[in-house]
Every structure is written in C-alpha cells, then in structure tokens.
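To begin, one chain is listed below as structure tokens, in the form predicted alone.
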C-alpha cells in the first residue's frame, strides 16, 4: 500500500494545522470586520456547472466522475460558480448587495509547479448586486487589510489592475474578429509563462495574423494608463480604472495598486476590472486574483447582476510569508500538563483536568507514568506553561506541586485552592 498522499494533495500534521488555522483566522477576522458573512457549499457539484467556453482551461482540469445514479459530478475547482448557483436559488429573497466570504477546499487536475497543487484552500470574498467600482474598491481594501494583518508591507506586495474591456478594445482596434477574442485572451494570460517566440506562435495559432500579433505586443508594452487612454479614446475600461484609482487615492491605499495592461485572468466570465496580487517585481507566481463578472449569473439562466470577487489560495501566501520572514510563531501552547506518577492517581488526574477545563483552561494529561526526568522533558515539549505534579506524598495531604516550566520554579498548593483561585499569581500572569 502506498502511504504517501495522492499526488498533488497534502496531509496536515498538527504543526501544519496550526499554520493553516492561523491563516484561516486572519481571513475570517478581516472578512467579518468588513461586514462580510460566511457561507459554504458541498465540495461536490454537477459537472455542467463548470463546462463553459472551450477556451477555459478549467473545463479540462476537472476531477469528474459518474456516480451510481448516473449523474456527472465534479469536485469543485473554484467557488464562484457555486456562489452563483446559490444566489440564483434565492435571488428574489436576498437583500442586495450580498457580501459573502468562504474558505473552501478546491481541486484541479493540472500540472504542478512551485506554489500550485492539485488541491488547495482558498479565501473567496464577493460582493453581488453592487454596480460601479465602489465594490472593487471594497474588495481591494479587503485584500490589502489581510496582507497587512499578516505583516506584509507595501514594498512586499502589489495589486496589479487591468480591465477586460481594455483588452477587448485593443483587439477590436487591431481588427481581431470577435469570435477569436476569448482564445486570444487565454493565450495572453500565459504571456509571463512562455518565451516571446512561443507567445507569438500561440497567438498565430488562435487565428491572428503576424501584423496583428505585432500590434498587440506594441499595445502590451504601454506601461501607463494615460498612454493607453490616448490610444483607446472613450474606452469604458480605462474610465472605470481611473475612477477606481481615484477612490483608492482618497482612501489612502493608492500605493498598494498599479495598472498593468498584461493582467488578463484566464476565466472567460470576467467582464470588467481584473486584478492579481504579487510581489512588486513579480518575483513569484500570483498570490491571488479576481475581478468583475457581471455576466456569470446570466449564463446559468438568471439576470445580469453586478458581481465582483477574488480567490486567495493558501499555498503561495504561506511561501511568501516564509520568504519574507513573516511566518507566525505557532508553537503549541497549553495552560497545564498534569503528571501522575502512580496508576492510582489517574482518576484524580482526570477529575482535576475536567475541573480545570470547565474553568476554561487548556489541559493535557500525561499518563505515561514516566520517571521525573523524562516526565519533565515531555512537559517542556508539550508547550505547557505549568506542570501539575501529582506526587504520592503530597497527594496524601491533598496537595499538588505546581511547576513553572519557564522559570523552573515550583510550589505546593492545596487542590481546593488551585480550583478556587486558578490565577493567584501561580497559574497565569
């Protein structure tokens, strides 16, 4: 039997679980502070929920199967379609705008590289039913707040902004037929991952001619929004980004964002502003990404409803925090470890643990019945602040020995006093 986890998946030992829980706590705290509500869905969905335009790679990355009832099902590769399904179920009764977040586990069968696995956890936050770039501003502030909560500074991360309407306007200007736009955008999303020669070749394979490819590359070399606004007068996408930048300037977060015409986002349902978070020099893969997807709900039979959101995976950000020395100190912490030294004391240890836990303390029992030196070593390794030592002689006097594991000092205390005054300067400072 192969005892390794399935390729591309992970086991979470207690050390990794502490890190994962810390990250989830940051995401949950920031979301709740901003007035978002948490939701979740089943990890299984109908396969057709994800089968979209042929250009979407995600349709080829599904973990799909047929169940015993003959239904085609899939492990969810992303959360947004599930969110759309839930909104459509109760669209008439939901007060708009909806501001929801979730932390789902997602699965994609894809080639693994640094920072990318076949399963990952992902913080999703979305605002449904709020038109205009105010929703984008709120979503971006959520991301910035989370990164600052993790200890990252504006010199260590940047949100790169673009708008799909700008890209479509460029393609229209250089006379790329509309039916080729989606395929071209999929190739453009891979620009940073392939050589310039392969990028040009892949564009030609979509149906573009050599002249159009060169014109497109010229537009992608325009680094400033102002220069593009002169090349694309009246472009709605440019106007939207200028308004968004203005809001962020007033809010005091302009230095965290930067226009980047090369940001595409591969999913075909994006309709407006799109963004990715990365190091300012783009020295690693994107930390997270998202954008506006006003048309997604309508593709499932609903109305066109304004929607904007992001997905923020757990794999890359943990690598980034480690790289910048921002990984949290997550050593195990306990208030007490109780150590009986004779079998007759096990019941007493269990009762004492139950009484202390009822008062809100974290308590571990060490029933190894080890010798003193070994027991103290295990108590130190447990992360406990205090060890409660049940020595036979002291127990006859209804006393326990309280040992401070940091100061290596100890004192005797009556059991009754311990339970009545657990602070008392002995237990918790």
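The model shown is predicted, which means the values in this text are computed figures rather than measured ones. Positions refer to the first chain, counted from 1.
Not on display, but discussed next: the form predicted in complex with histidyl-adenosine monophosphate (HAM).
Worksheet entry | Candidate stretches 175 to 183, 123 to 131, 192 to 200, 219 to 227, one within 4.5 Å of histidyl-adenosine monophosphate (HAM) in the predicted complex by heavy atom | Going by heavy atoms within 4.5 Å, the stretch is 123 to 131.
Worksheet item: Does residue 291 reach histidyl-adenosine monophosphate (HAM) in the predicted complex, with heavy atoms at most 4.5 Å apart?
Response: Looking in the predicted complex, residue contacts with histidyl-adenosine monophosphate (HAM) include residue 291, since a heavy atom lies within 4.5 Å.
Worksheet item: Should residue 80 be classed as touching histidyl-adenosine monophosphate (HAM) in the predicted complex when contacts are defined as heavy atoms within 4.5 Å?
Response: Residue 80: yes, in contact with histidyl-adenosine monophosphate (HAM) in the predicted complex.
Discussion item. Check residue 110 for me: does it contact histidyl-adenosine monophosphate (HAM) in the predicted complex (non-hydrogen atoms, 4.5 angstroms)?
Written reply: It does: once histidyl-adenosine monophosphate (HAM) is placed as it appears in the predicted complex, residue 110 has a heavy atom within 4.5 Å of it.
Worksheet item: According to a 4.5 angstroms non-hydrogen atom cut-off, is residue 267 in contact with histidyl-adenosine monophosphate (HAM) in the predicted complex?
Response: Residue-level check for residue 267: yes, a contact with histidyl-adenosine monophosphate (HAM).
Fill in: The unique member of 280, 328, 207, 115 whose heavy atoms fall within 4.5 Å of histidyl-adenosine monophosphate (HAM) in the predicted complex
Checking each option against histidyl-adenosine monophosphate (HAM) in the predicted complex, the one that comes within 4.5 Å is 115.
Item to complete: Answer with one of 97, 306, 104, 313: the residue that has a non-hydrogen atom within 4.5 Å of histidyl-adenosine monophosphate (HAM) in the predicted complex.
Response: Result of the distance check: 313.
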